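Just the one chain here, laid out as structure tokens, in the form predicted alone.
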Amino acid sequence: MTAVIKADNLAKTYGDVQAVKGVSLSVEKGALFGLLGPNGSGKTTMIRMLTGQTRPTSGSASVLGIDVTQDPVGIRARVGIIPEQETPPSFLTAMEYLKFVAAVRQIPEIGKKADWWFDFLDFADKKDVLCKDLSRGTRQKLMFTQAFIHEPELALIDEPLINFDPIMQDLVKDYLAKYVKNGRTIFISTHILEVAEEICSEFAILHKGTLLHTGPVADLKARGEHLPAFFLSLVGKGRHV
């Protein structure tokens, strides 16, 4: 198998705070990998380092074979990214924002692609509305669209279902599952354990910046364990880390 994400002793320090403490992990092509942890565990910092938005304090990492410190722009050009806080430009309409994304990513025929996404995520009536006037759920739909409209081989998503109602959550979960079946890879960070157990093939548990466990979800199921209980048992033991 081919590793599309590889981190080796990756760490990030902000002043006296160690946000991520020497994390090593590998994500294989075709995985739906979940990075799990409580709020403040370092998940968002990990995604920011892997996408070249934050420079590691120490250690190394590569994404799609690209060093995160040597070519962060090259990484962002090839992957899809959804940040935890959806932030489409307030002064553009939804359609104008997607046209901007298309220009940056050199996507041809953006009109047809955009219309498909507007219909798929059920917000076609908002395409000409300024982003500042969109609801949080609709902004999340727009950010989801911009991450996948160029059909990236890898997408990194911080809290993928945040702000989505139950119907949209089911639609998105199904989309993600089908996406990896086509040979692409998805890396999500979340604290919603039931979602991770349902859709992830691999997972890692991060707590206070320390990696407590990594492995296949299938291994837990084979032992008759459920991810939420397993997570809580590890985080409970590691709460003083």
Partner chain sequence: MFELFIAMVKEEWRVHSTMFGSLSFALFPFLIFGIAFMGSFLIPVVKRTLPVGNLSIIIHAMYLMLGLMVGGFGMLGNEVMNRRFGQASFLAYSARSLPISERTIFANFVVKDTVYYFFLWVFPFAFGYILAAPFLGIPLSSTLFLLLTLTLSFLFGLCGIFFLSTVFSWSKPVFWAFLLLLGVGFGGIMASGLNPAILFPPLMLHEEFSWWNLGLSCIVLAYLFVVSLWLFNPESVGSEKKHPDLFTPVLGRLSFLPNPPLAAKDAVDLHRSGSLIGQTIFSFVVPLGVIWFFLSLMAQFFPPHALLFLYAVTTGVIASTMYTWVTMFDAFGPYACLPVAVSTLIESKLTTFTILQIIPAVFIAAVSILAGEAAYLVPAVVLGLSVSFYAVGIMAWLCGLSPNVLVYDVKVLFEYLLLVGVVITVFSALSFINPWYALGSVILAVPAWLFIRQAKIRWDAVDPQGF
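Numbering follows the first chain given and starts at 1. Here the structure is a predicted model, which means the values were calculated and not measured.
Although it is not shown, the form predicted in complex with its partner chain is what the next lines describe.
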Check: Heavy atoms within 4.5 Å of its partner chain in the predicted bound form: which stretch among 198-206, 22-30, 180-188, 47-55?
Finding: 47-55
Margin query: Only one of D122, E96, D170, E153 gets a heavy atom within 4.5 Å of its partner chain in the predicted bound form. Which one?
Written below: E96
Notebook entry, point to check: Should W116 be classed as touching its partner chain in the predicted bound form when contacts are defined as heavy atoms within 4.5 Å?
Noted result: no
Check: Does D128 reach its partner chain in the predicted bound form if we count a contact as any heavy atom within 4.5 Å?
Finding: yes
Notebook entry, point to check: Can G111 be called a contact residue for its partner chain in the predicted bound form at 4.5 Å between heavy atoms?
Noted result: no
Notebook entry, point to check: With the partner left out of view, is Q146 within 4.5 angstroms of its partner chain in the predicted bound form by any non-hydrogen atom?
Noted result: yes
Item checked: Contact test, all of L92, A103 and R139, partner its partner chain in the predicted bound form, heavy atom 4.5 Å -> yes
Margin query: For the stretch 158-184, I need every residue with any heavy atom inside 4.5 Å of its partner chain in the predicted bound form, listed N to C.
Written below: none
